[in-house]
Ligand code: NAD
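One chain follows as structure tokens, the form predicted alone.
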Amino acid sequence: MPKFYELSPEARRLELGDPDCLTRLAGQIGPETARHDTMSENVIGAWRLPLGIVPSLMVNGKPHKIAMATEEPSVVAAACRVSRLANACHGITAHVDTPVTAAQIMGVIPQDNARHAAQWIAQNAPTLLQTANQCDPRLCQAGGGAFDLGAHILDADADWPETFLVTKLLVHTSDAMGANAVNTMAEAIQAVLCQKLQGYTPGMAILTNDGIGRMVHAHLSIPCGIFEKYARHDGVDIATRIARASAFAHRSPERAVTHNKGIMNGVIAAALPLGQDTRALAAACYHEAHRSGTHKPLTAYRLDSLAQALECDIALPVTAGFVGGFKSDPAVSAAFQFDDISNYSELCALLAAVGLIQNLAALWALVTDGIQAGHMRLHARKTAITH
């Protein structure tokens, strides 16, 4: 009997039985199934989320349509609501950092040899970087590659009696997320350290999803008069309430975590059709939120009393890739075309912009009619249709 992973999707479904359940879960076997079988493991079909659309959001002077994969109608509706307001303010401006991915090469080292080993790594950094870059000449040809390396010591403690020597590698990953390239580089350096450092025992070599080298800063300025036009409420009053809600999130970690979840409602929904690693995005964003040691919001809102405007900002690590990964999948390629994303910076700027408008929409609802009014109206309509 072949192993399950060696079977075809059709044969796997026969093995599992209950064809009616499997059809409802994974759809019919069709022309796409063979391609899906090359993309994952033990494939029996595909499972899809509804795809909603934000018709237009202006980011850095360019209008984008946004495909959002989510089962929650209020997420798409809220993004649409604030996108119209943002476009009336000439859109969102965003600055994208040069993409850098870091890796950690951890090994165990005798305490009395740790300092000498760290010094050896520092002295031989150019050679180690050359070793890393030999792993991916194409990345270097594209203007990327490993460019910095250093080591630090994590002393033994009450939880574990060994001393760790940690080498941190920084790689400019160009238009790619770069996980595979960076991991390969880290493993190559690990092999060298095993040969050159006395008493060194390899632990692991793996990228970190810290995201500090992939920050995107996006900004939206909303004159209070625009709020009055789109909300039919006093603009200064609404802007004040939103700024107050922002201050609450900055003071209360319990509120901040839900505040940030609202950001990720939009970011993940927009990232899924684009074939992005949403787990990496979420990991980086929540680590950034907790960087100070206390969970903080990733957005900030301030009422500029002199200019009579609400200033809206987001600082978000966007661990995304414009090349590689699932980009070869026709549906993902179509999503890039549909969203009119032509380079890495546009991809990251758009995802951060979606996070900002999603969060603003949530705060706007919370401080006026409450989150449940629109949410439950849409939920009731969805329930009525599905039943």
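Numbers follow the displayed sequence, beginning with 1. This structure is a prediction, so every number in the text was calculated from the model and none was measured.
Same protein, other form: the form predicted in complex with the ligand, not shown, and the subject of what follows.
Residue in contact with the ligand in the model of the complex (any heavy atom within 4.5 Å), chosen from Gln104, Ser74, Ser174, Thr163: Ser174. Interface residue among Asn183, Thr258, Asn124, Asn87 relative to the ligand in the model of the complex, by the heavy atom within 4.5 Å criterion: Asn183. Considering the ligand in the model of the complex, the lone stretch of 154 to 162, 79 to 87, 263 to 271, 277 to 285 in range is 277 to 285 [heavy atom distance within 4.5 Å].
The closest non-hydrogen atom of Pro297 lies beyond 4.5 Å of the ligand in the model of the complex. Put simply, Ala142 is close to the ligand in the model of the complex: some heavy atom of it is within 4.5 Å. In the model of the complex, the ligand sits within 4.5 Å of a heavy atom of Val323. Though the partner is left out of this view, Val100 does not reach within 4.5 Å of the ligand in the model of the complex, counting heavy atoms only.
For the partner-free chain shown, Leu207, Asn209 of 206 to 220 come within 4.5 angstroms of the ligand in the model of the complex, judged by any non-hydrogen atom.
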